[in-house]
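Take a look at this single chain, the form predicted alone, given in structure tokens.
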């Protein structure tokens, strides 16, 4: 966007236009004001707000944006931070399975996810929520307790059901986004362009799994705790006023690694792989275990499966 003045929203509001016509100046100032009102991000630059959707960027524009973000994050967190835009691997659709008979509710997955994906520590944001269920009730969310805190787990008479983004094939969150800031990638991962999200929270209302989180306050990420290896559509630091979510650790899985929650699980309850590969572990689970989909009646067609291994 060569005709857009590269200056902050605050300076546009208070000063004179640095270049271009009066019409361009008024347009840019108005857009920046709207951005601040909608997202709570008063420090958005005009360039950031007028940035095109990620899917519309050419290679040059994307390279410029990534360079800007790397410079910004490196200065803010006082360490070298990289931002990648890794494309999907051909012939891959990711799937996830969780063994309810083995999960012990330790929540190691929750905190590994927080660390890997640069989630805010204050206010605390967690993409994975573990539900404690009564064995006598079975899978019944009305009797679930996400705030359990016993001295030791697992507790007698209970089992545990972690819930996160189900990466639906038919995602209701995508359908309701008024600005098309969220979409599904060819490898099945639903992503968010955080520069486009206006924080309306329609996607949160539409998600039947409660898998999206809104940044009510300025996210707090201690510099010594940041994961400096980030992805534009994944774990890069998010601003106040946007909705964020699990991406199956896109910064890892698109490079052939497991998600952080899979690696940390002490009981091997979590399985991950390529649904299109007949020899993958995820396909073995689906074809040979007792598998069920959470809220299957909604026809979201999730790629997150629950099963009983024993």
Partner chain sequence: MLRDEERRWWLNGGLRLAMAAALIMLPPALRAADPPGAAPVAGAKEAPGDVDPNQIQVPPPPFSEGIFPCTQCHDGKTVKLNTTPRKLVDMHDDIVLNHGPNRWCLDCHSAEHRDQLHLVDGKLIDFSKSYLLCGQCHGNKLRDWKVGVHGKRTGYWNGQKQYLLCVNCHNPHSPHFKPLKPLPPPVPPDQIVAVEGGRP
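Please read these numbers as outputs of a predicted model, since none were measured by experiment. Residue numbers count along the first chain shown, from 1.
Beyond what is shown, the protein has a form predicted together with the partner chain; the following relates to that form.
Taken together, the three residues 104, 126 and 263 all lie with some non-hydrogen atom within 4.5 angstroms of the partner chain in the model of the complex.
Put simply, of 146, 87, 186, 228 only one has a heavy atom within 4.5 Å of the partner chain in the model of the complex, and it is 146. In the model of the complex, residue 153 approaches the partner chain with a heavy atom inside 4.5 Å. Among residues of the shown chain, residue 65 is not one whose heavy atoms approach the partner chain to within 4.5 Å in the model of the complex. Residue contact with the partner chain in the model of the complex: residue 111 places a heavy atom within 4.5 Å of it.
Contact annotation: residue 115 falls outside 4.5 Å of the partner chain in the model of the complex, judged by heavy atom distances. Contacts between 58 to 73 and the partner chain, taken as any heavy atom within 4.5 Å in the model of the complex, involve no residue at all.
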